[in-house]
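Before any questions on how it binds or moves, here is one chain, the form predicted on its own, in structure tokens.
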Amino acid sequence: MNVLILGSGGREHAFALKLSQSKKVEQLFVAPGNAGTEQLATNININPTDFKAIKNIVVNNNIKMVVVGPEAPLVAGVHDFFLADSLLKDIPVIGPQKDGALLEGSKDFSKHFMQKHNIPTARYQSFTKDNLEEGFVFLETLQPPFVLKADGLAAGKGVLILDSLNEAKMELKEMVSNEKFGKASSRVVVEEFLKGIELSVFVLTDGKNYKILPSAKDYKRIGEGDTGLNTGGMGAISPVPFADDSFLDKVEELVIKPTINGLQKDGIDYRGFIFIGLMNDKGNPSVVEYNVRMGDPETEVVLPRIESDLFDLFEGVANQTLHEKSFSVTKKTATTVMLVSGGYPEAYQKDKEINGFDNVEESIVFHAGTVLKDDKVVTNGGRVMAITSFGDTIEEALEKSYRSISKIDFDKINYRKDIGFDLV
């Protein structure tokens, strides 16, 4: 069977590697892909939100399944586009329809969903420029720090955590009145700050049944010790040591089951991944946010730990037979460290030649922001490569990743040298 993956990052390279190992997959296509996916599949240079171009690829290449990596095509309705087209309607799309994608596409929808279905989360209210004064009053009922979230997609930049009440009021006004984050912040969710240790749990569902994938913890800040600006992610570890069976049982009962049941009760036919960002507060889970796809770089540690045939699982999602599929996970720990361009997450240069990654032997090199240019692999984004390794312990896996990184070089290469510092 021919499969198309939408996206261009490390997550999509991880999907491509895993799907390329399935005997059921004949040809693999990635749109637009990167220099890593090009070694496993046919890259097609189109935007994942260009649905007409996607249709042409699917029809011309006899594609029988589409796997959606990033959130933007899902929120824009790529699954709905397929269902509404007579030539595409029978081709399964791994990823929710537009109504399900609102779990990530609208923070207000997501919080209302959690409240409606009694899923533990932070106390909140939503505001626009029309009830800004009420927002100021609500802020005064909260203890610092104050959390402000743009309702819509804001490329990972729409969340502010502020210690000053006056600054929180000023930023709320900037967001709703002056559209600090564009249309995404015309509505803002203000919520109490959740204390605890953050982690992510991933679920694959066919709308009725589900598999709980390995837990992971990622590291967002650019600097050592979790300092500096937020990024798309500088590294990740799976499993999370403090997410023991007792805690994960609570997550399943208090969060996962009510989420799947809530989607069914609301008439949302959800088929794909649910990424649940959690706070572990003294052994009790609270939901920070939902995402409607796999995370990045968490995918680069979660998928390699899955021993089952990923395509077989996706067939289960498409046919609502996921409960019949075998599912196993290695007990080994996986760690990944992200190599980024100098200057990232602010201004950075592209087209820097990358050397040495072909010499890596004890790790998996997942390409993210790379492209093939004149037979050379060069940087093409802020986050360039994720270096994933296995070990019996976090320390062993990290040692392998850092040894592998010592062989790789490009101009102004940067990476965190303390991934897992809080877990070791």
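These numbers come from a predicted model, not from an experiment. Residue indices: 1-based, along the sequence shown.
Note that the form predicted together with a small molecule isn't included here; everything after this is about it.
Asker: Though only this chain appears here, would V288 touch the small molecule in the predicted complex if you measure heavy atom gaps against 4.5 Å?
Answerer: Contact with the small molecule, yes.
Asker: Spell out, yes or no, whether the shortest heavy atom distance between E191 and the small molecule in the predicted complex is within 4.5 Å.
Answerer: Result yes; E191 sits at the interface with the small molecule in the predicted complex.
Asker: Should V137 be counted as a contact of the small molecule in the predicted complex, where contact means heavy atoms within 4.5 Å?
Answerer: Residue-level check for V137: no, no contact with the small molecule.
Asker: Is H112 one of the residues lying within 4.5 Å of the small molecule in the predicted complex, judged by heavy atom distances?
Answerer: Contact with the small molecule, no.
Asker: Would the small molecule be touched by all three of K107, V159 and E198 in the predicted complex, meaning a heavy atom each within 4.5 Å?
Answerer: Answer is yes for this spot.
Asker: Among 177 to 185, 141 to 149, 344 to 352, 256 to 264, which stretch has residues whose heavy atoms lie within 4.5 Å of the small molecule in the predicted complex?
Answerer: That would be 141 to 149.
Asker: Please identify the residue among A76, L88, M279, V203 with any heavy atom within 4.5 Å of the small molecule in the predicted complex.
Answerer: Only one option qualifies, and that one is M279.
Asker: Which residue among K325, K220, K250, K211 has a heavy atom within 4.5 angstroms of the small molecule in the predicted complex?
Answerer: It is K220.
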